[in-house]
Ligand SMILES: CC(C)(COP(=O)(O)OP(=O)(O)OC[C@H]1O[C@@H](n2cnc3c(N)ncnc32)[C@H](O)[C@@H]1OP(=O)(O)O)[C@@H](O)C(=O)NCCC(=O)NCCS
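The chain below stands alone, shown as structure tokens; this is the form predicted on its own.
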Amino acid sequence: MSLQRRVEALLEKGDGPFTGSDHALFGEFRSALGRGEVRAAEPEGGRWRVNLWVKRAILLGFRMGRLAPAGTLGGAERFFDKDTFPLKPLALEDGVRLVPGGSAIRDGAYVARGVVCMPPMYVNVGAYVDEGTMIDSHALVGSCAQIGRRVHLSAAAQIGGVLEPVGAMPVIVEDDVLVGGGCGVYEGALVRRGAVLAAGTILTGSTPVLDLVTGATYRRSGDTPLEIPAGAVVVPGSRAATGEHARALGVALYTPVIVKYRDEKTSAATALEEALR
């Protein structure tokens, strides 16, 4: 029987009671997540599909787990977490550069060869971080977030996860995206390949993104997430608030703005520099 079918049978237990075999099965599932063999969401013909059973199983792990010591820092400080989610057991052969200094990766997160982790940073369970990506200091990759190849998550970038609601699309950042310092990508936003987010850009489901190149406005609609087009260069901007009182006070609302598009010959850094001149 496949891992998915066995896990789906375990999900029927709800709140238990859970046996030793149940915990062993959850450990098998968590290991498959950590190897990238199962994912919370995956590409399918240019679109992304949410794997509901994976997200449900991660949530079940929190119900199954008991609070236990979760590791030490320098042998002096102690940490406590659910025993179903220990730290990821990395080895030198994994080819991940994890620089000392307060970083943590939860088991059940996939971190590919060539990923660089600068301290302090955090990768949560269910996240998928592909080859050659840089996770800079104070950056977060939230639960179930999907990060592509050669992505640069600059210092203090926050990539939300979206574990719940179960059917919701997690945050997805495709290949070759540059996420500037202090950016936030939340609420299942989808950043397509090669896009550039200037420092301080915040993407949420409730904030429209204005495209000054095409005249389009991008926003979340129902189950369709906010989607940033491939190669878009996005900077923080503002738009005038509506209403007589707002106009009288000169109130403006934060709005991300697409100011140009990259081409294959233009690096992300160069595109951003030109856009901000």
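If you superpose the two forms and keep the largest set of C-alpha atoms that fall within 1.5 Å, you have the rigid core. Computed from a prediction, not measured in an experiment: that's the story for all the values here. The numbering used is simple: start at 1 and walk along the sequence shown.
What follows is about the form predicted together with the named molecule, which we do not show.
In the predicted complex, the named molecule lies farther than 4.5 Å from every heavy atom of V166. When the named molecule is considered in the predicted complex, V96 lies well away from it, no heavy atom lying within 4.5 Å. The named molecule in the predicted complex is approached by V259, whose closest heavy atom lies within 4.5 angstroms of it. Looking at I202, you'd find every heavy atom of it more than 4.5 angstroms from the named molecule in the predicted complex. For the named molecule in the predicted complex, the listed stretch (190 to 198, 97 to 105, 83 to 91, 120 to 128) containing residues with heavy atoms inside 4.5 Å is 190 to 198. Heavy atoms of no residue among G36, Q146 and I172 are located within 4.5 Å of the named molecule in the predicted complex. The partner is absent here; in the predicted complex, the one residue of P236, P43, G65, G27 having a heavy atom within 4.5 Å of the named molecule is P236. Contact residues in stretch 109 to 136 (any heavy atom within 4.5 Å of the named molecule, taken in the predicted complex) are limited to D136. Superposed on the core, the two forms differ at D263: its CA moves 2 Å or more between the shown form and the other one.
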